[in-house]
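The chain below stands alone and is given as structure tokens, in the form predicted on its own.
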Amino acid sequence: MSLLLLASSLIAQTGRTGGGFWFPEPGSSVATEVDFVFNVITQICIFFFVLIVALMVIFCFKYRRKEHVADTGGATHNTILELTWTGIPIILVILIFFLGLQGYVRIITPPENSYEIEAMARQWSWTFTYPNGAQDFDSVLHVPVGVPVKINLRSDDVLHALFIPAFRVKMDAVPGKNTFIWFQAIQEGEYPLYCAEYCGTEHSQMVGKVIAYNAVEFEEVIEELNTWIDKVPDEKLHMAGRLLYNLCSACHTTDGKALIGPSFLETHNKFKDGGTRKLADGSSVKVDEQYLLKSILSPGDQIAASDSDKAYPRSMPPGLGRQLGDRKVLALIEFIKRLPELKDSDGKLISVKRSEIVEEAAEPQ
């Protein structure tokens, strides 16, 4: 009985505040429940570890052999002791199962009024699409505070997993299968977001963040996310392409070095000089605006050959260009065409802020 009372005391002391030594501060409503179950199991394990090791040490000294003694005939039977060390673990296992089941059911059952966001995983970034059609291709997830959010997960290539440590949620994005997670952010702020399933050479770079806003600010952000490219004047589209380059940086460099795909600098030079590019099938194609457009919208139709005449892998998802929309595709084309204008004296890409290139429409007089 004393062991049960002590275990109950330890459980009560864990509280339901979450965070602490093992976890980051909780950012969602389910985080404290996950932390509570973890702390219960951890403290039970610590208690019995200390108890068993202490008894082992005591018994080693108390019952150590000092001299030869006659055979006692084996261990004696103690029904009360055997029932105790069988009953207590059963009770604790049932308790842990009950707490875990409660949390599991809650985590896999999103509220009916959840705000739904579509998440597409691909090597090596996340694309989030909102109900108003807005999309974020930079692995940044925008959510409102105090509102249940359901993330519908899909993968465009291989196995990925969306993991938000502060929210204590993780779920695989499986090719050909629809999965989901849900959470409710409890305070404003930024939280790290990771891919928790090895998905290729740039897996460690598939990181992003979750930004939680109040309701009013969230609506403003989503509306801006949906319309910003339409507010960029034509003469600044190449700067908008600099912002969109984050979609391409895992496969295409801007310094001439080839990665999974040809360098944008090489493509720019061929475009500028009216040159051609050798394709994997042995043919050649002139690098002009039509080539650039087709390479973005239908990347599998023109697989480039590397310097060693080996074909680059078919890594670019065929639907990515179409998801971008016409104006963002045009911005990427302008980015490649005017690449030197977006570099500093050291040859590095300059930083561009969305606020610097978006022009708000003048209010009617």
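When you see a residue number, it is the position in the sequence shown, counting from 1. In this text, all values refer to a predicted model and were calculated from it rather than measured experimentally. Only the largest set of C-alpha atoms that superpose within 1.5 Å between the two forms is called the rigid core.
There is also a form predicted together with a small molecule; it is not shown, and the following applies to it.
Candidate site formed by C248, G261 and T267: every one of these residues places a non-hydrogen atom within 4.5 angstroms of the small molecule in the predicted bound form. With the small molecule left out of view, the stretch that reaches within 4.5 Å of it through heavy atoms in the predicted bound form is, among 157-165, 204-212, 251-259, 187-195, 251-259. Shown without its partner, this chain lists V30, I336, L330, V40 as candidates; in the predicted bound form, only I336 has a non-hydrogen atom within 4.5 angstroms of the small molecule. In the predicted bound form, none of the heavy atoms of P26 sits within 4.5 Å of a heavy atom of the small molecule. Interface residue remark: V34 is not counted as part of the site for the small molecule in the predicted bound form, having no heavy atom within 4.5 Å. Interface membership of P317, defined by any non-hydrogen atom within 4.5 Å of the small molecule in the predicted bound form, is confirmed.
Using a 4.5 angstroms limit between non-hydrogen atoms, Y104 is distant from the small molecule in the predicted bound form. Annotation for P26: C-alpha shift under 2 angstroms between this form and the one not shown, rigid core superposed.
H142: CA moves less than 2 Å between this form and the one not shown after rigid-core fitting. In a rigid-core overlay of the protein, E334 has its C-alpha displaced by at least 2 Å between this form and the one not shown. By 3 Å or more, the C-alpha separation between R122 and R242 shrinks in the predicted bound form relative to the form shown here. Closer approach of the C-alpha atoms of L243 and W126, by 3 angstroms or more, is seen in the predicted bound form than in the present form.
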